[in-house]
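Read the single chain below, which is given as structure tokens and is the form predicted on its own.
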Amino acid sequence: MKIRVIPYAAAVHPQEIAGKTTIIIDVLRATSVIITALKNGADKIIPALTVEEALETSKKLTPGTFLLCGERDTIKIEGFDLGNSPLEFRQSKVAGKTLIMTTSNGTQALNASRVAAKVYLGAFLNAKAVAEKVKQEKEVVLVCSGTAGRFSLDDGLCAAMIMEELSKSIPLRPDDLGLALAKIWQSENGNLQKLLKDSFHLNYLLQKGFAGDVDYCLQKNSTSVVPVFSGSEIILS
């Protein structure tokens, strides 16, 4: 399998992913949140690029059937029902609901991936399951959402973990970024606490008081849920 890793959302060029199978990764925290929401019974997630788009989408839905979710600079958007903490997305809150979501990085990556043939969502939580989902493909593009338009190591290491899971059953031909991330991953045998202890985004979330979110999002293979993005909404694959 040929593997290409894209370092952050703004680096996605349509011609590079058109017609290909893509995995969107935003470990801290959008894809972890979406995986958790679907695991806990959410009906679907509608991603929105802006707060205004999210509000416009909500006007088309029946009151009581949806929740507005999202953040800017890690903080829940004023007037929204939920922020971007996976710990908020409990079954009692989200089961049976449509979630309209806008985030700083993850929804940007999703929007950029609309031309792909298949779009799955990955995180440490479901790395093994998402690898299993794509292992029959000839080529896979791993899109790291990044942070504020830059590469984020947590996303890159998740790409490395997905590659490791794939390599257990098929030979891989990763690009140079994929090779570099695999070597970093192998240097500490996938020990995330060591590998990410000095990383910017993780420490920024800790400073903002989201230690619980970080611990949750760094769990490995805790679920078999694999979200799929149809181009307008995210559902269980």
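Since the model is a prediction, treat every value here as computed from it, not as a measurement. All residue numbers are counted from 1 along the displayed sequence.
Another form, the form predicted together with a further copy of the same chain, is not on view; read the next lines as being about it.
- Only one of L205, L179, V51, L68 lies close to a further copy of the same chain in the model of the complex, with a heavy atom inside 4.5 Å, and it is L179.
- None of V115, L153, A129, I77 but one reaches within 4.5 angstroms of a further copy of the same chain in the model of the complex through a heavy atom, and that residue is L153.
- Proximity to a further copy of the same chain in the model of the complex holds for all of A11, G149 and I184, with the criterion being a heavy atom within 4.5 Å.
- The candidate stretches are 57-65, 32-40, 186-194, 208-216, and the one lying within 4.5 Å of a further copy of the same chain in the model of the complex by heavy atoms is 186-194.
- Counting a residue when any of its non-hydrogen atoms is within 4.5 Å of a further copy of the same chain in the model of the complex, the hits in 194-227 run L195, D198, S199, F200.
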